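As a starting point, one isolated chain is supplied in structure tokens, in the form predicted on its own.
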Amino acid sequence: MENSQHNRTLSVDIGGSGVKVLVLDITGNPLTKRSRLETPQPAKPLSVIHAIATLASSQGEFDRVSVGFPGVVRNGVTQTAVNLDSDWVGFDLAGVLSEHLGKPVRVINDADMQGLGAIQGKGVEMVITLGTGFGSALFVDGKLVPNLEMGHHLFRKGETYEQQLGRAALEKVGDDKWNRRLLKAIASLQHLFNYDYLYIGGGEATRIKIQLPKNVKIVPNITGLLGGITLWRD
């Protein structure tokens, strides 16, 4: 699509607990206030699309749509959705949402979109998101390494990163123990990826109380929406 000053992007962040939207201008700056609805339960595709359409109707005019989705996405089709519903497997989210909104739609993993809004574009940069689940994204000199799902890899004590650090684990073990686990995860990821910078986002990042290494930075949750502009920079 040709870039013009009039291109307004509706940026959508689908999470396990909430669906959020706002409109960005051509440079990626917000034009509207973020609006949010609880993620429908069960979180089936058409229920979530209805929530997006409801939120979009309050955001004014927009020309195109960017969506961050909590799972593997290929060519606009969602491949996994551990924290939503099995009906998402093989669902053409880009196509169906485009039909509902009457606008072109691009879809990417939610942690990838958060990363696109956070990274500097130099060296090896990693992003993790702490929310209902555990999202991850990896970039090399600003280029995305696609479909990295670190959350479902083994971390410690026979459990994955998501099992140890997702919202259910946080509520079960409490802030102190969860923070100690997070520090171990940061060290593990540093050894595994030798990243230059790690950015931590997601709704539960506000629960971080530990002293972080100098090359680790907490980014605001809205970053997951701000990254939406980059999906249209061909």
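Sequential numbering from 1, following the sequence displayed. In this text, all values refer to a predicted model and were calculated from it rather than measured experimentally.
Not on display, but discussed next: the form predicted in complex with a small molecule.
- Of the listed positions (Val82, Val96, Val124, Leu144), a single one reaches within 4.5 angstroms of the small molecule by any non-hydrogen atom in the predicted complex, namely Val82.
- Taking non-hydrogen atoms only, Ala111 approaches the small molecule to within 4.5 angstroms in the predicted complex.
- Using a 4.5 angstroms threshold between heavy atoms, Gly135 counts as touching the small molecule in the predicted complex.
- When contacts are judged by a 4.5 Å heavy atom cut-off, Lys103 does not count as touching the small molecule in the predicted complex.
- The small molecule is not shown here, but in the predicted complex it comes within 4.5 Å of a heavy atom of Val72.
- The candidate stretches are 153-161, 87-95, 127-135, 114-122, and the one lying within 4.5 Å of the small molecule in the predicted complex by heavy atoms is 127-135.
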